[in-house]
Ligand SMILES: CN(C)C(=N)NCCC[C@H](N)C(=O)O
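A single chain, nothing else alongside it, follows as structure tokens in the form predicted on its own.
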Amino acid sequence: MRSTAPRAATPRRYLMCPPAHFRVTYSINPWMDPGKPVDLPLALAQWEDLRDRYLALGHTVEELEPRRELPDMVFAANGATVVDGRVLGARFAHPERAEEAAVHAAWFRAQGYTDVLEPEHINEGEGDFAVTASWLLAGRGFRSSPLSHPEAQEFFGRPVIGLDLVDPRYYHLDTALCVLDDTTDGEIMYYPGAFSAGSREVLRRLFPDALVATEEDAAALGLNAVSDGRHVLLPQAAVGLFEPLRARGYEPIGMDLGELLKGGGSVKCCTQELRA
């Protein structure tokens, strides 16, 4: 029987980028509509609320300097994947975001990271790589190339579990799945409808006790969440996830990132984890 006792949070280090130049002038996912203007002061206030919540929970937040010509840099999760202090850089699928990869790589090198790989194959960082205690769960189908999976496995020395995404609304793995406890291999939440039949079966076998989200909560980007092992920061509109999370001993914290949702991202998209 699953314990409902409160869980222990572990201090985290995150990389974020203020949405100083955030705007939607092109569309590279179904959420983006250039006809819907962005309220930039509100977007910045919502982002600052997320950053400040991390700090209040005892986490460390590093900040990237935003670039005017790169409006999607606020979605910092896409810039790299960091495991055990090793940095697998990104290679973006769309030219509108391509230059972000070099900005991230330069930041890591300036911070003293010595093991930084600029990948040969397309991957969009933690958008499509989710880290558990032993594995990398890896999305493919819309942005990341299947060839990026063996590249990541070779670099990190961790088994990579490939998962096929089939619904364009969930174009990255982090819109359809969240690792709740990365100290084990068994605590995730996900939306089955985002995955192919075979990938659903893989998830069912690997994570028989997973929290399975409804279509309504997935459509609120409720799975684009960040967990520190106890606190789960997620979109406040995903109301159906709050009680199931509490029943498992987690403390859900609802966040309003409605302006950033216009770019197709929420809590996780704004948050890259720097795993030592």
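Here the structure is a predicted model, which is why all the values come from computation and not from measurement. Just count from 1 along the sequence shown to find any residue number.
Another form exists, predicted in complex with the named molecule; not displayed. Remarks below refer to it.
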So the named molecule isn't shown here. In the predicted bound form, which residue out of 149, 91, 200, 97 has a non-hydrogen atom within 4.5 Å of it? 97
Using a 4.5 Å heavy atom cut-off, are 190, 217 and 222 all in contact with the named molecule in the predicted bound form? no
Report yes if any heavy atom of residue 171 sits within 4.5 Å of a heavy atom of the named molecule in the predicted bound form; otherwise report no. yes
Decide whether residue 127 counts as a contact residue for the named molecule in the predicted bound form under a heavy atom distance cut-off of 4.5 Å. yes
Please determine whether residue 64 contacts the named molecule in the predicted bound form, using a 4.5 Å cut-off between heavy atoms. no
Could you tell me if residue 144 has a non-hydrogen atom within 4.5 Å of the named molecule in the predicted bound form? no
Counting only non-hydrogen atoms, which stretch in 243-251, 26-34, 47-55, 209-217 is within 4.5 Å of the named molecule in the predicted bound form? 26-34
Can you name the residues of 239-276 that have a heavy atom within 4.5 Å of the named molecule in the predicted bound form? 263, 264, 265, 268, 269
